[in-house]
Every structure is written in C-alpha cells, then in structure tokens.
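One chain comes next, on its own, written as structure tokens: the form predicted on its own.
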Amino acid sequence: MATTQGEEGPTTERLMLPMLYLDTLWVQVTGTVCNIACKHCFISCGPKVERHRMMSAPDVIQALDDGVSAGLRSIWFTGGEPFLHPEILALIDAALQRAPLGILSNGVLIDEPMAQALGERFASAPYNLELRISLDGCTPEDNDRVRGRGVFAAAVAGIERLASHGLEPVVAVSLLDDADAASADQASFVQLLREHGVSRPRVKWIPPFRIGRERSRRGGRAYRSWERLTAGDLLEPEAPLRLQCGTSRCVTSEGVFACPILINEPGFRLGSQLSEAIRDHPVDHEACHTCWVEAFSCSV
C-alpha cells in the first residue's frame, strides 16, 4: 500500500484486485450461527454468535436471482451451519433450479430423514449437489480437541448416512500448526471414509487462516508482519484467477463481501447488494496472503 496526500489529509491507497467475472456465489445462509464452536474457526461462529444473522428465505432467493443475473456458474451455502436454517431444503431446491450447489457443513445435523432428502435431490435435481463435511482428525481424540466433544461420532454418522443414500461427501480437513492439528495423512482419511461407506473418498485440505479464534487459540498464532500480498504479486497476469475473490462474492445478512473468509472485516464489505460488489476489491488483508501462497480456493 502507498500513502498519498488528499484534500482531507493523508490517505492510504489500498491494494486492489480486479474482478474478472462472477463464477461462484457464496451465500452465508445462517450467518455466524453454528451448533458448535470450533477452537480454530476463522470467523468465530457459535450457537450464540449473531455478528451475521441468519438470512431470511426471501433474502437468500434474492441473492440467488442476483447471482444468476450476474452470470454465476455455481453456488455454495455456508455459515455458521447451513442445516440450522429452518427452510434449508426449500433453499436447496431453489439453488438447484439455478446452478450446481455445494454446502459446507459440520455434518452433525444430518440425520436419516435429512440424508434421504439430500440423496433424493442429488439423484433428481437438474444440477449437481455436493456436500463437504469438516473433519479434523481420524479419531475422536484428534478431531474433538478442536471441534468439540462428540462431534467426531456425529459427523462420521452423518457421512455414513449420506453415503448410504448415494451422496458421497468430500471431507474438509484443516491443517494446523501445532499438536492439536489433525494427522495430515491422506491414506488414513481415505481408509476412514471407506469404512463408513464412501466408495470414492475425496479429501480437501484447508490451510491455516490465522484470524478469528485461530489467532488466539493455544497452539495457533497471528499472522507475521511479512505475511502480506504486495503490489508486485498482483502484477502477475494470472493474479485474479489465483485468488478466488477474482471470480466470487459472498452475500450475508449484513452485506456483500469479496469472500467468505473476511465477512467479519468491515473494510472488505463491498456493498448492500451484489450488483454493487461486482468491481475491484481490496486484497490487503493478511488472510489474502494464505490464499495467494497456497493457491487456495474454498470452492474447488
């Protein structure tokens, strides 16, 4: 960033990235409201966390329609925990009439009726439905020390139910820096998934985002001063494609943000409506550095 002299005194020129087009629309359907409170959650979700409120069904539908008008190619529901939304199945139906849909979940609330309903939609909807379940260890000891007591058993049961109805989820594993980290062993996760009925195991590794609870978690850390993007980085011709925010936006009850990782950062709010947010946007947050060096995208 550079500092310049404006009419009202010194101003800071922010590091900006152009948006190429809208490929992925993120919808924070339950805001920051979640049924669990993971120690490493980078947006600090929990049962009583309403920094971003649950979105109403009409607001979600409006976001979907705005996304279609802007040319979206895929939709992701996230939170918080999307399956806390009382109208989640209707919202899933609405999304699947418009584009492929992915849902990020901790899996705990996927009981037998819900798994059956999701399996039916997976089999019959005009677009693909994908579930991604967070699991940060292959044992209760590894997983539950960061995600909470009993979460491993409930999540694995949810995975097994989904698989029994033909919808095999991707498992998302957070990579942490310390002894609380899940064992980064692809083979162990593959074996675990096969044991619970998943015939084609898929694992997505999530790099550390050192914000929210992860910044202060015992064993975690904040970003270091040098962990920032630079203007030189953005001179690369592929920069808008290397960062997911070059082709995505996140709609919440509190406005539209460049990505779902930075919804608690007011300086990264781009407007009240999606149409206001299809523009250049700042990428000077520390978390942008993680996406850059890891070539990471939440949606791929």
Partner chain sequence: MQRVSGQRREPLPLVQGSARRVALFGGAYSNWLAVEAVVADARARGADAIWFLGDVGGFGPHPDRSIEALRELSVEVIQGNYDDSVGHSRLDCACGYTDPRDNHFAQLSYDYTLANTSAQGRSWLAQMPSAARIQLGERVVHLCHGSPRRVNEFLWESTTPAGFISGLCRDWEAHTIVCTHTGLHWSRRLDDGRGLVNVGAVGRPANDGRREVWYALLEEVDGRLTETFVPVAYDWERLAREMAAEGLPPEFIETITTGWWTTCLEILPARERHRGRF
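Every value quoted in this text rests on a predicted model; they were computed, and no experiment measured them. Positions refer to the first chain, counted from 1.
Just so it is clear, the following notes concern the form predicted in complex with the partner chain, a form of the same protein that is not shown.
Colleague: Have a look at 38-46, 65-73, 25-33, 260-268 and name the one stretch with heavy atoms inside 4.5 Å of the partner chain in the predicted complex.
Modeller: Partner-contacting stretch among the options: 65-73.
Colleague: Does any heavy atom of Arg200 come within 4.5 Å of a heavy atom of the partner chain in the predicted complex?
Modeller: Close contact exists here: in the predicted complex, Arg200 approaches the partner chain to within 4.5 Å, heavy atoms only.
Colleague: Do Glu50 and the partner chain share at least one heavy atom pair within 4.5 Å in the predicted complex?
Modeller: Contact check for Glu50: no, nothing within 4.5 Å of the partner chain in the predicted complex.
Colleague: Answer with yes or no whether Gly166 is in contact with the partner chain in the predicted complex, where contact means some heavy atom within 4.5 Å.
Modeller: Judged by the heavy-atom cut-off of 4.5 Å, Gly166 is in contact with the partner chain in the predicted complex.
Colleague: Classify Glu130 as contacting or not contacting the partner chain in the predicted complex by the rule of any non-hydrogen atom within 4.5 angstroms, answering yes or no.
Modeller: Contact with the partner chain, yes.
Colleague: Judged by heavy atoms and a 4.5 Å cut-off, are Pro113, Phe209 and Ser272 together in contact with the partner chain in the predicted complex?
Modeller: The answer is no; none of Pro113, Phe209 and Ser272 reaches the partner chain.
Colleague: Taking the partner chain in the predicted complex as the reference, which of Arg217, Arg145, Arg228, Arg98 has a non-hydrogen atom within 4.5 Å?
Modeller: Of the candidates Arg217, Arg145, Arg228, Arg98, Arg98 is the one lying within 4.5 Å of the partner chain in the predicted complex.
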